[in-house]
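Below, in structure tokens: the form predicted alone, a single chain.
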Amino acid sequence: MKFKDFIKEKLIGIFLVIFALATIEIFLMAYPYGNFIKIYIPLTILVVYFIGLMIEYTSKKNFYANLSNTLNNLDEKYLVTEIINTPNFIEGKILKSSLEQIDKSMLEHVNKYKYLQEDYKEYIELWIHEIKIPIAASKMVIENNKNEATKSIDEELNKVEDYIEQALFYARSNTVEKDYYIKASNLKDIINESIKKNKSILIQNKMLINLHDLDRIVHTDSKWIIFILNQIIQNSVKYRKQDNNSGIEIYSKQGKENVILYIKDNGIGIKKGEITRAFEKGFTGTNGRLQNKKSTGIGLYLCKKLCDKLGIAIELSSIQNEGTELRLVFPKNSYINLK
């Protein structure tokens, strides 16, 4: 709050005081008072008035400066009314009271939508678990009636299961801290489990798998990492080259403060200008718009979101028509701060 701005706001009052003093001076001149009285009375009134202005300015300046500094330092700015003191001037009291009412109204709306979101999330999770039952029953029927037609149906059911799993993890992605278990895990076991889960599509698409240097310990939640790896592997299959040399290489390196897991493929790659947007929600890029790919733009976005929650860095590099490399960087320290 600048002093000149404060004075501009008080100009009308200042002009009225000056007018009143001039009127008093005119009346005093009509009486035989000495010059001392004629000067002392108006000057005293003027000095007292400006002292009052300075007290008011100092009080308001301190309040608004404290309000501004508190806002700048707060991450959750709606809490500002809980921190600042109630000012001693009426405009500040009205402002704080108004902000408190706004905060209260905002929190009521937030809690309402939070409840609706939780309710919807619970419904999605329940639906996902329920839908797994008819899928499992369908797979049993297929297992007992194997032919070319049921084989194709089984492949489509596998895709449905993948999308269902993606929906489940997406629904839980904002509350990872409620559904995680960090422990020492062997990368080799995690990778083998992911390869096993994707065995059908890897065999069907004749993908060559090269695994090496994976016998390393990382501290993480293996369930969430397997899901992330599934998304990456399925992307490698989806964006493979149409030849018999398509493959995925998975290996790790031990760093000083971390373990880096590499997942490399020799697929069609990503355009240079699109690499930085690969983790954006809904971004499909040129590859995702190809007729036979039908990408949703959710897979890598979800991988990045989950990695951030688990304290794992995820990096991507790619050369068009040569392949894509994804790196998961596991910190050495097992005490990970989950947000």
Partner chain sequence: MHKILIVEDDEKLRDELEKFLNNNGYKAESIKKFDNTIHDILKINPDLILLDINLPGADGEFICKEIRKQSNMAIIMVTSRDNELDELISLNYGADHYITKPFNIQILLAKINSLLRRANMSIENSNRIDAKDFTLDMSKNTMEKNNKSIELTKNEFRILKYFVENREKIVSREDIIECLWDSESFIDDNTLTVNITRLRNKLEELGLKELLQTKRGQGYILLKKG
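None of the values given here were measured: they were computed from a predicted structure. Numbering follows the first chain given and starts at 1.
What follows is about the form predicted together with the partner chain, which we do not show.
The three residues 53, 54 and 97 each lack any heavy atom within 4.5 Å of the partner chain in the model of the complex. Scanning 82, 156, 91, 143 against the partner chain in the model of the complex with a 4.5 Å heavy atom cut-off leaves one residue, 143. Contact with the partner chain in the model of the complex, defined as a heavy atom within 4.5 Å, holds for exactly one of 203, 106, 116, 149, namely 203. Under a 4.5 angstroms non-hydrogen atom cutoff, the partner chain in the model of the complex lacks residue 112 among its neighbouring residues.
With a 4.5 Å cutoff on heavy atoms, residue 231 does not count as touching the partner chain in the model of the complex; it lies far away.
Among heavy atoms of residue 181, some come within 4.5 Å of the partner chain in the model of the complex. Although the partner is absent here, residue 196 sits close enough that one of its heavy atoms falls within 4.5 Å of the partner chain in the model of the complex. Stretch 218-226 is the answer when you ask which of 265-273, 68-76, 234-242, 218-226 has residues with heavy atoms within 4.5 Å of the partner chain in the model of the complex.
Residues of 227-249 placing a heavy atom within 4.5 Å of the partner chain in the model of the complex: none.
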